[in-house]
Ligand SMILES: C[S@@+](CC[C@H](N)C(=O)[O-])C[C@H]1O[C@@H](n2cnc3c(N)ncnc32)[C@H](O)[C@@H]1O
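Encoded as structure tokens, the following chain is the form predicted alone, with no partner shown.
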């Protein structure tokens, strides 16, 4: 998701924040927060960017037959849904864990009209903290937690180690606590050898931080009509 120009609402209850649905350049919708003048996804194409950065450059690039995926910033569930579709298409049994501090209600997700596929409803209607098999090839666990908190720790129920990490937190200048070397170290030690981390953010400071933790980092071409570059990091 394109998040260079917006940030996570700093409120205790996300349902208190007004959100409007707006169309993006590829015809897919995103959420807009009038009070903050912020969008949840790229206005240049919400679906196009999510599929390019996370599914194509992450999930499909992973050599693991049955990958375990961790998403930092579950948000609207678009990344999870697109991964589910890809898992079904390629018949790859996929375990997916999304961490989100402020879950969105289904009523809000419905307005985005991402798909009539019943799996999208299942992604949002399943209970948090529980591992649920959505389809024969996609198992989901949603964790409501603050990944940036010093008290956060991975447990056996959260699938570590991971083969793919979707790092979809809000922009470094808007949510700096999520772009801390200690958090990337936490991810690094909970990833398998050869595991992949993808993110929309191609800032030099983020690239150098990933490298300092131990990742091999490469700049990749961004999505069509969107960001010029993105980052993919691999644990050697």
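Residue numbers count along the first chain shown, from 1. Just so you know, these numbers come straight off a predicted model, no measurement behind them.
The protein also exists as the form predicted together with the ligand; that form is not presented, and the subsequent description refers to it.
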Tell me whether 74, 170 and 175, taken together, all sit within 4.5 Å of the ligand in the predicted bound form, counting heavy atoms only.
yes
Is residue 134 close enough to the ligand in the predicted bound form to count, meaning some heavy atom within 4.5 Å?
no
Please check if residue 147 has a heavy atom lying within 4.5 Å of any heavy atom of the ligand in the predicted bound form.
yes
Against the ligand in the predicted bound form, would residue 94 count as a contact residue? Criterion: heavy atoms within 4.5 Å.
no
Could you confirm whether residue 154 comes within 4.5 Å of the ligand in the predicted bound form, counting heavy atoms only?
no
So which stretch, 84-92, 134-142, 97-105, 157-165, is the one near the ligand in the predicted bound form (non-hydrogen atoms, 4.5 Å)?
97-105
